[in-house]
Structure formats: C-alpha cells, structure tokens
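Just one chain is shown here, as structure tokens, and it is the form predicted on its own.
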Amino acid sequence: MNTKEKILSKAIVLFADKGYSGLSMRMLATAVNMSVASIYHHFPDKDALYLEAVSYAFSGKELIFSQVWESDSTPVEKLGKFVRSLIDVITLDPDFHRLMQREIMEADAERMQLLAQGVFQKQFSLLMQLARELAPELDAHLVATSIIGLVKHYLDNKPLHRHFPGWKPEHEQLEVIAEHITTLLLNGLNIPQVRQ
C-alpha cells in the first residue's frame, strides 16, 4: 500500500465514523502519522480527498457488479445476481456502508451530486438498462431506485427484524434475503418467474 492508498484507506474509516464535516485534514494527518502539508501534497482539498476516498472504496466493488452485467444471463437472472451482489457489497464492507448511510443522512446536495456523477453513475445507468429490459412500461429510474431501496432498507433494519414475531435464524442468511427480495421485485414488476 503506497502513501496515497494509506491516506485513502484511513479517510474512508474516518469519514464513515465522523462524517464529512466532522473530519478535519488535521485529524486525518494525525491518524496517518503525517503532516497536514503531506496530505495536501496528495489531495488539493478536502472535497477532492472525499471524492477520491469514496471512489477508492467503491472501486473494488465495481468488479463485482461488472460480473453481473457481463454475464450471459437473462434479465431475470441478472436481477437476482445484482441483488445478491448489492447485498454482498453492503454487508462485506461495513465502513463503506456506514459512509453511504452517513452521506444520505447529511444529504449535502453538492456531495450527493459528486457521488452520483463521479462514483455511481455507471452502475446506476446499467441498472436502469436492466429495469427497462424487465419492465419497459415502467419508469426505469423509479424501478432502479426501488431495487436499491428494497435491498438497503432490508439490510439497514436487519438488527431490528430479529425482534419481530415470526423471525427465524435463516432470515439472516444472505442467500435467503437475496432470493426473497428478488421474488418480491419480480412479483411487484409482474414478471412471471418462468421467464427465467
């Protein structure tokens, strides 16, 4: 890991923990045992650091999604694979998940635009393309955001679910969650399972 990657790795954890406004360049410099000037040598300002940190955190995840988009699968199968991949991305990297949760809560319009255009646009466009294939009569943007929203809502509230009546341990198995969400989506989109 080179110096820049070391800074980015620590910045991801600290942004997730403290938020954009709660993290100063001085705090980051202390955490990586460097001077503030050294941080600015690699990043011109805090916005650039932030965007690059989120991009760095997401970069390995794009490979996971590219396997879905490049697979020789039907749209229904791709939906199932995308749901499972999104579940894996969210659950296997808690720092990235917390960072995204914090950003959504803070809802800074400028940073949201940077994230949407600079980090997530390609994946979201591919998901919209899948939505058009699955349900051409529906608004692809709304379908894509609903897919993400259903997965995210379920995972964000998972710690609470176990306290509701009817909970079973298998409800926390990632494969069970993925299959359940995919089935709900297909039923909601009115797509017969036999089209798989």
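Basically, rigid core = biggest C-alpha set you can superpose within 1.5 Å across the two forms. Don't overthink the numbering: it's just position in the shown sequence, from 1. Please read these numbers as outputs of a predicted model, since none were measured by experiment.
As for the form predicted in complex with a further copy of the same chain, it is not shown, yet the points below apply to it.
Against a further copy of the same chain in the predicted bound form, would L184 count as a contact residue? Criterion: heavy atoms within 4.5 Å.
Answer yes; at least one heavy atom of L184 falls within 4.5 Å of a further copy of the same chain in the predicted bound form.
Classify V143 as contacting or not contacting a further copy of the same chain in the predicted bound form by the rule of any non-hydrogen atom within 4.5 angstroms, answering yes or no.
Judged by the heavy-atom cut-off of 4.5 Å, V143 is in contact with a further copy of the same chain in the predicted bound form.
Classify G60 as contacting or not contacting a further copy of the same chain in the predicted bound form by the rule of any non-hydrogen atom within 4.5 angstroms, answering yes or no.
Contact with a further copy of the same chain, no.
Tell me, yes or no, whether L160 is in contact with a further copy of the same chain in the predicted bound form, where a contact means a heavy atom of each within 4.5 Å.
L160: contacts a further copy of the same chain in the predicted bound form.
Looking at a further copy of the same chain in the predicted bound form, is some heavy atom of each of E5, A31 and S38 within 4.5 Å of it?
No, the candidate spot makes no contact with a further copy of the same chain.
Considering F43, Y56, Y154, W69, which brings a non-hydrogen atom within 4.5 Å of a further copy of the same chain in the predicted bound form?
Of the listed residues, the single hit is Y154.
Which residue, L130, I64, L51, I148, has a heavy atom that falls within 4.5 Å of a further copy of the same chain in the predicted bound form?
Contact with a further copy of the same chain in the predicted bound form is made by I148 alone.
Using a 4.5 Å heavy atom cutoff, which residues in 100-116 contact a further copy of the same chain in the predicted bound form? It's fine if the answer is none.
Read in sequence order, the residues that approach a further copy of the same chain (within 4.5 Å, in the predicted bound form) are Q101, R102, I104, M105, E106, A109, M112, Q113, L115, A116.
Classify T183 as shifted (yes) or not shifted (no) between the shown form and the other one, where shifted means its C-alpha moves by 2 Å or more with the rigid core superposed.
It does not, since the T183 C-alpha is displaced less than 2 Å between the shown form and the other one after the core fit.
After a rigid core superposition, would you say the CA of M27 moves by 2 angstroms or more between the shown form and the other one, or not?
After core superposition, the displacement of the M27 C-alpha between the shown form and the other one reaches the 2 Å mark, so yes.
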